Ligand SMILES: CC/C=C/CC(=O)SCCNC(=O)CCNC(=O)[C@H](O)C(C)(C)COP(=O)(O)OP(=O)(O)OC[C@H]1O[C@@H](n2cnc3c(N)ncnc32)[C@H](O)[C@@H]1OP(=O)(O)O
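Quick heads-up: it's one chain on its own, the form predicted on its own, in structure tokens.
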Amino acid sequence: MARYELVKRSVALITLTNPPVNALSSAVRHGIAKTMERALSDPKVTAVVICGENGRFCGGADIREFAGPLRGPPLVPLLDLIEAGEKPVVAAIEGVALGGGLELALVCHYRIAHFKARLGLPEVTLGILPAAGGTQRLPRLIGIPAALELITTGRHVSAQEALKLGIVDQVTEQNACEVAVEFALRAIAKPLSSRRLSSLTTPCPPNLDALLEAVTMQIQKKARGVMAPLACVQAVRAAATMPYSQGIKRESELMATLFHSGQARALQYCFFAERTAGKWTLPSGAQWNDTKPREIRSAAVIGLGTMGRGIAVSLARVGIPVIAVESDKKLLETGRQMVIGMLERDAKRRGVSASLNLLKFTLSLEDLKDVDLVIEAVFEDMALKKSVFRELSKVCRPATLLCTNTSGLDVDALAGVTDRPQLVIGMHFFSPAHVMKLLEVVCGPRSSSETVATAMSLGKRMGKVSVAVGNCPGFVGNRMLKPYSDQASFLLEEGATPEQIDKALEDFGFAMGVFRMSDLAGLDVGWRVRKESGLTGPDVDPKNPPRWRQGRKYCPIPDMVCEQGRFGQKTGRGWYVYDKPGGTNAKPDPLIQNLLETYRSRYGIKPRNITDQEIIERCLFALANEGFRILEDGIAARPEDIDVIYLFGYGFPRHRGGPMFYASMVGLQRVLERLEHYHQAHPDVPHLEPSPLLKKLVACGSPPVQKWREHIKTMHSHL
């Protein structure tokens, strides 16, 4: 799958043909080997240009081939053959040169890039390293510090940055292939020895050891427990300290360690899960590939609190005119200033002009009569939201889509007060909405396929990873979060401390443990939800709050913390104490320890030593167990959707693959046994009882996560 033609009478043009990104599949590698051999052996050919079909050079390896044995010619000897050739080879880079695609370009003697091209070595994001000489050639070309940063982060660079770094020789706004052909003709008489990167000595800074140590420490801090970036550092060290022949051998050894690791499997699973998340199906049979979304030319956001401001920014920065509505003049002005400031900072960071002309601020819903779509982001109160939706039904034209940003309220109940329930849908953004990539698109039972398609399309346009979910309390993410956080609270009762639980979860890979995250979000948010659901309030005895409510075990410790005015970072005190209100430096607070000791004494609870393993198992197995129930209920269509929600919305460590994949990796039999053990010890905690689906999967031999859908038989899918 490489096309060969002779141009300008003496230049062999080799075009990779494997849409959509010309990945280096077995057939493509075979095609490159065959056409290069032909070009190098043909006396009429004086130079070679390699390009990609349809404006894309090469997106790298075909990841689907990772699951099976290697077929076709291996890449490393093929690349060595290209580099060693006596005829100049020029890479014409358009679109992308990523991973193996960039490694292919690096063995070419010259590189010409279109000004819109992007280049990078993203293998680290798949749990591996650039193993076709990337860790050895790139440092020889651009030096250790720059190569180390690109290889350990997997960051893509623009053609302009690639030129500054020295990765490419020329950037053009013209057709890169045509420019490369002319460049190749001029390069015919030039010696190639200095253009063969494998023969060069790596330029090393004098403080090499200190640099590598600093990068290692930075990685260990940022990506706790992740193997691939550390292996990349070792590979780059080999490039700095060994001849190429030994360095490439070291690269291969490190790759062998990573390739079949659980982390690589998890990260590659995440790669595919993210790409399948947008493929939704409704009970009616309508699905993502046969429903055309509406074009959204204008939108409105109601409410300029934290969420509303972020949503308004997300819409405006992709070119959608936004009308922002508030109920109070002072709140409107505050919101206006904050939205403008956010857009200006975002535009400065991206090097573009702020889209301030797309914004309009108003106190009147009447101004929304002509918009295509409205997103309601008012206070999380059902009565208030219903009143907004009733008013929108009167004001907006009949075709306007009405969306709610609720994080867990009944979308169908809101649809029921409108004159267009088929055009009502949930668009649950995550805070801060202009930063967080996840969007839960909540499909009510009356939401039309066109409405679902439009919400999903709009999410993608805003740069979100959109996942269609069913309508139930908490939807997917927040419904699963409750048993996770409940277990953390029960562990406090039994003898653990907030810092011990957080450390165990952070060592597992979370950026923040459950209590540090609660302090960041604000403890009063969950307190308000518990009050509204009747779990706590003025009727509860403040001196001896009951530990059994609404038919199940309940931990009142979070309520007791809130009753002391400890709402987290914003008040300077929560589960931790901070230097000042709004501070971020969390320190253990002796007052919390005193509260826990007093509480245990009052209820006759004898504290015990709790291991990190128990913390991880109880929190994460309870989380996954609720995920199994969500699959049973048809609230999520597939386990991959749940994992994508937790990866992008809740900070689940990517190298663990998400809660459902993690359960699969641990072993479903093991998860079942530990849940049964903990439920036997805590029979008054229903969410520790193993779900029927988990039991069924174990009985079926614990199939891989991609096969679970075959065993899920739901009577009523909510999707």
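Since the model is a prediction, treat every value here as computed from it, not as a measurement. Note that residue numbering follows the sequence shown and begins at 1.
Below, we refer to the form predicted together with the named molecule, which is not included among the displayed structures.
Looking at the named molecule in the predicted complex, residues Ala488, Glu493 and Met560 place no heavy atom within 4.5 Å of it. Residue heavy atoms within 4.5 Å of the named molecule in the predicted complex occur in exactly one stretch of 428 to 436, 205 to 213, 273 to 281, 574 to 582, and that stretch is 273 to 281. Contact with the named molecule in the predicted complex, defined as a heavy atom within 4.5 Å, holds for exactly one of Arg64, His677, Lys34, Arg670, namely Arg64. Contact with the named molecule in the predicted complex, defined as a heavy atom within 4.5 Å, holds for exactly one of Leu185, Cys472, Leu165, Leu75, namely Leu75. In the predicted complex, Ala132 approaches the named molecule with a heavy atom inside 4.5 Å.
The named molecule is not shown here, and in the predicted complex it never comes within 4.5 Å of any heavy atom of Val698. When the named molecule is considered in the predicted complex, Pro659 lies well away from it, no heavy atom lying within 4.5 Å.
Residue contact check for Gly60: one or more of its heavy atoms lie within 4.5 Å of the named molecule in the predicted complex. Taking the named molecule as it sits in the predicted complex, the stretch 138 to 153 never comes within 4.5 angstroms of it through any non-hydrogen atom.
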